[in-house]
Structure formats: C-alpha cells, structure tokens
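Presented as structure tokens, the chain that follows is alone, the form predicted on its own.
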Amino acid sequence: MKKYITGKSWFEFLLLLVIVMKSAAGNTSAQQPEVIYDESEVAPYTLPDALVLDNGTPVTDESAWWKERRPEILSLFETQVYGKTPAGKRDLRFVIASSDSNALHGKAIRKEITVYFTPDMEGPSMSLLLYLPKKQTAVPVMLGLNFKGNHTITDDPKVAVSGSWEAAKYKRGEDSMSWPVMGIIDRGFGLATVYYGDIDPDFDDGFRNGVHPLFYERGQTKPGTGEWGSIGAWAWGLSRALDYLETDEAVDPEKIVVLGHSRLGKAALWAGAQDQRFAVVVSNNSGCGGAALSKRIFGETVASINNNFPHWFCDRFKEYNNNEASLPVDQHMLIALIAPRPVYIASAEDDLWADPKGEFLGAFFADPVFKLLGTAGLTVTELPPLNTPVGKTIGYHIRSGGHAITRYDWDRYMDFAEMHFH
C-alpha cells in the first residue's frame, strides 16, 4: 500500500485541511498528533480480549458468551462509545406515499413509504425508498442509508425529491454510481434506502432537529453524557426501516442485509450489533469507530473524529481523545457482537485514513468469538491480496481504489449474502 493518501474523496481532503489549519492557528483543543500512514510507526498496543470477562474469567462456552460477556461488551459500547439508545419501540405509522408496479423499465416494483415516528402525521418521519424485483416473493433485501437523498441514488424520475433542505440541493441520480439499483434487482435482491438526514442531520446542531428530542425527559435539551449521538440515531433508524420491511408481504424478513459506507458503515455495524433481526451486516470503508482498531492510532484517530464530528458519538467517548490505551473496548469487540450472524468488512487500498489493515484486524480479532459460537469465522490469518475476497462467516476484501462504495463492493456483498441465504 502507498504511504500517503491517494484517491481520497474531496470531503476527506477538506477534513484533513481543516485539521492542519486548526493546528497552524494554535487551536490546542483540536490539535492532533501527526497522522500515521506508515505501518512501521504504529506503536505497540494491547487489545482487550473479547473472550475474557471483566473480572478476568475466561469465556469458554456459548452460555457464558450470551449470558455474561456479550452483555458486558454491549454495555461498554453503549456507555463509552456510541451512547445508549432509548429502549422500546415507538408507535410507528407506515404510509405508502407512492407505488409503481412497473418501475425500472418494467423490472421492479417501487414503493415510497413514509415512516412516522409518532402517532400523528405532523410529527417527525423518514422516507423509505423500496425497490423489489417483479414476479418474485420472499425477496431478500439490501438495506442502507444514503448521504444525499433518495432521489440521488437513481435517475428514476418518479422518486420524490427529499424535503430536507440539505438533500434537496443535490441532483436526481447524482449518486447512482454508488447504488447499482438495476444490478441489485437483476440479482434477485430488493433495495431499501433512507436519507440519513431524515433521522438526524449530520451537523452539530445541539440535537434539536433529529429524532433525539422524541426521547428527552421533561426539561432535557440534549442527550446525556452516556446517551446516543448521531451514529446511534442512524442505527436506530435502520431498525425502524426493518420494522416496516417485516410488514411487507413481498419481503423475506429473515433475509435483510444491513450495510453502510464510511460513517454509515459505522451505523450499520452498530445497528447489527444491537438488533439481531438483521441477518447479515456489511461495513464498507467504515474506519475509526467502525471496523478499524482504535488502539492502532493509524489514519483517523479518536481525537480527530471527535473534534471534527462531535455529534457522532456520546460525549464520554471524548475522554479517549489521545487516550486510546484507556478504552475498555476496541472495534473487534463490536464485530464480535454480531456473531454468529455473517458480517462482511471491506477496505480500499488508498483509503489509508480509514486504516485498511486495522479494519482487517478488527475482523481477525473478532474471529475467536465466531469460532466459539460454531461458525467458520474468517478462515485466514493474513491481509489478502487486492480484489481477493476471503472468509466464510466473516467476509473481507481490500480492493484497489479509494474511499467509495463501488459496483465491485456491491457484487461481493450479494455473493456473500447468497452464500449464506442459500
């Protein structure tokens, strides 16, 4: 792999520029250690063992995992990283806003479903776009959040433009390269997506404009120190989309793949860890706070992600800025929470900011839990060559190119899902 970033998105380039400018201005609260992109500069680190209880007792059987260790790990991620998601289901309402039984040149059924989070239709909601292959029942579905609005993933002229001012500025179909809708339908999968800003806007607004206020106690104006941030909210929204999919007679609710790219890959992993209804979980270039090990301090670090995106995680996670050694968990333990369900982790050669090797190691160190629960796990011990998928219950690939989700990635995820569903 190259020593320095190439093929990065313009967004990440600007992010790095902001960090440098803050440092040059003497802003000590946002200063970062020099970013590491050379493997030889990674300092020794110690990972917590996913199969050792907090009291030091080894976990040697499935019962101890389910009754003791898994709840411990889940609680640590809730209180120290993503924040605790409010318990219980909302009184949701599903309204079919539009339907077309002859979409995509006659190959698909398209539905737009408004998911209301409160009983009244004036309350907050999200718009779920669903494509299903025609003449097929019990359809497996790929479910993921999108960055720019439902209308941007396809040039289908009948898809409603998002009502959000953030998404409405984007053109129809401009993100279609990241969403091969026709290719997904041709493989026999359905596709479900929601604009992530419908759930919580991706900026630090004091948590006033998303779903968080629905759960505030009397007098509360923002989440508490250990309560959920935006990633927690996006993960919650993915589960609410699944709530709808369970009601659609054309969908097989036992075959829902939750996936995400970049920050939405973090949300997909956290959704899959909390909600065991998801059959397969996919992380694409999720990096720090996703699949990559934080304690490697390679590329993006806990400090840089918290300083630049203070709304993503719970406030307590900021205590580990430049203090990763004190973290009681690392991301291999997040992946382990998904076991024994299949999980796929993907990296990109030039996406050093997301630490491809750290993403692979996240999968590698989760493997013992998958093995304990009777699965084939990862099956490899070394980072594979480029564009060479590996693994069984834990899948992994590193492809050529930069920070993106590509048709190559989608094809591998559908291959993986087919292998497990069939």
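These figures come from a predicted structure and were not determined experimentally. A residue's number is simply how far along the shown sequence it sits, counting from 1.
If you look for the form predicted in complex with ligand GCU, you will not find it shown, but the lines that follow are about it.
- Although the partner is absent here, residue 150 is not a contact residue: none of its heavy atoms lies within 4.5 angstroms of ligand GCU in the predicted complex.
- Although the partner is absent here, residue 347 is not a contact residue: none of its heavy atoms lies within 4.5 angstroms of ligand GCU in the predicted complex.
- None of the heavy atoms of residue 228 is located within 4.5 Å of ligand GCU in the predicted complex.
- At a distance threshold of 4.5 angstroms between non-hydrogen atoms, residue 330 is out of contact with ligand GCU in the predicted complex.
- Contact with ligand GCU in the predicted complex, judged by any heavy atom within 4.5 Å, is made by just one of 245, 314, 126, 305: 305.
- Proximity to ligand GCU in the predicted complex, defined as a heavy atom within 4.5 Å, singles out one entry of 294, 154, 262, 193, which is 262.
- Relative to ligand GCU in the predicted complex, residues 286, 309 and 403 are all within 4.5 Å by at least one heavy atom.
- With ligand GCU omitted here, the record of contacts in the predicted complex names 263-271 of 249-257, 218-226, 263-271, 105-113, defined by a heavy atom within 4.5 Å.
- In the predicted complex, 353 is the single residue of 326-362 with at least one heavy atom within 4.5 Å of ligand GCU.
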